[in-house]
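Have a look below at one chain only, the form predicted alone, in structure tokens format.
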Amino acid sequence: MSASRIQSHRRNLLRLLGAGAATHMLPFGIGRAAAADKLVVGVIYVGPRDDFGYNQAQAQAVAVIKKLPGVKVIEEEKVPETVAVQKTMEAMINQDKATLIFATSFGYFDPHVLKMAEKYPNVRFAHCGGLWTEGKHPKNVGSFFGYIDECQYLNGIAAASASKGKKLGFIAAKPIPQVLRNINAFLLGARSVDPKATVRVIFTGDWSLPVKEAEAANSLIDQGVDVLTCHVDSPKVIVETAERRGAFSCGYHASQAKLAPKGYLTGAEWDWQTPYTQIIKATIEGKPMVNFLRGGLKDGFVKPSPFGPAVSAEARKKSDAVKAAMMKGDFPIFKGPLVDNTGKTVVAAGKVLGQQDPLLEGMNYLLDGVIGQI
């Protein structure tokens, strides 16, 4: 690539960024070798890209990075968390010449991403949700995730404000730390409205089990739950079931508002374009792999869905005030004393757990007020 073409490339990129093409886009340095071709980025999804959930949220970010000059994106959807993902990664590397892979599903990390990273040390692997550890994992691997428990706390405010019986429901796939953190944050948000609010939780056992998710939703509603939320790959079935049964719902991953025009209150959404562009920026500039990347509302990693018509003015005001404090970094969710639902103190009185506290990344309990077992 000639010097004039490099300058033209730089000008086009800055023009794109300056035009506000992406809300949280960062300026890219052009530090790659003059003769280099486009950066080829591989993105792997565990489910369909239009699932109204986890995969759709990732795909929305990919739609943004596809527009970046100097970047070519290769996608593969419906890739299971088995050796199949290793084969997909190898195909992207060897056939498509990808040098950056976004492996977006939790179960891709160990052993699949780790194995491929050791085999291909010149390729970067960015994994969503995994816990990269210094001295344990390869330097060409990175982990990115968002503090979406902040939005789940806001979900809890809206849910408890709309609920008549203060019986809320949470349908979850697996009791891993990230899921437990969301459940507990949802409870704490609800209890900021009503200290007697409860959250009944059902674990389905896997990320995408639509039949079990529908059964769980109906079971919770039959128990008197009048607001549902979830942590599964696609909230579609749960939100639609709630709407059909006359219950409210809070969404997750992406917006499901159009699936429930009456009962959708708000939702906890990802804004993955922020970490995607940061990781691509570091790659293009030839900087070291970003090994551990986290952010919340104030960092542009997550966002709440717009309020639905059923959310009262009072609930909107309270939620907006808490969100403003979170945006300033002045609102810790987990502060003691906190007791789990077995009666054990898990956060001592006076102790505050900041969002980056490793104790939160390893959460293994459900708080008092959550009805269910791990």
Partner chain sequence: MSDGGDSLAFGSLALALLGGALRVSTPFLFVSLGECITEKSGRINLGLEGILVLGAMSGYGVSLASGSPWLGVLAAGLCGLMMGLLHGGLCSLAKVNDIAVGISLMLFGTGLAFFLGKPLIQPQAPMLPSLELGAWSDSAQLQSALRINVLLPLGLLLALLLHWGFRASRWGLALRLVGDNAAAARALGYPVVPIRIGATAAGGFLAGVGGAFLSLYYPGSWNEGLSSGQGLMAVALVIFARWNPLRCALAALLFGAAGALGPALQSQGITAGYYLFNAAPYVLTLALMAASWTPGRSLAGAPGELSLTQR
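Because the structure is a prediction, the values reported are computed rather than measured. Numbering follows the first chain given and starts at 1.
Below, we refer to the form predicted together with its partner chain, which is not included among the displayed structures.
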At 4.5 Å between heavy atoms, is Thr133 in contact with its partner chain in the predicted complex?
no
Quick one: is Pro210 in contact with its partner chain in the predicted complex, heavy atoms, 4.5 Å cut-off?
yes
Does its partner chain get within 4.5 angstroms of any non-hydrogen atom of Pro337 in the predicted complex?
no
Might Pro121 be said to contact its partner chain in the predicted complex, defining contact as any heavy atom within 4.5 Å?
no
With its partner chain left out of view, choose which of Asp299, Asp226, Asp271, Glu240 has a non-hydrogen atom within 4.5 angstroms of it in the predicted complex.
Glu240
Students should find that, of Ala117, Ala185, Ala197, Val201, the residue having a non-hydrogen atom no more than 4.5 angstroms from its partner chain in the predicted complex is Val201
Options 98 to 106, 201 to 209, 121 to 129, 287 to 295; stretch whose heavy atom lies within 4.5 Å of its partner chain in the predicted complex:
201 to 209
In the predicted complex, does each of Ala61, Gly146 and Asp368 have a heavy atom within 4.5 Å of its partner chain?
no
For the heavy atom contacts within 4.5 Å of its partner chain in the predicted complex, list the residues of 45 to 60 involved, in sequence order.
Pro48, Asp50, Asp51, Phe52, Gln56
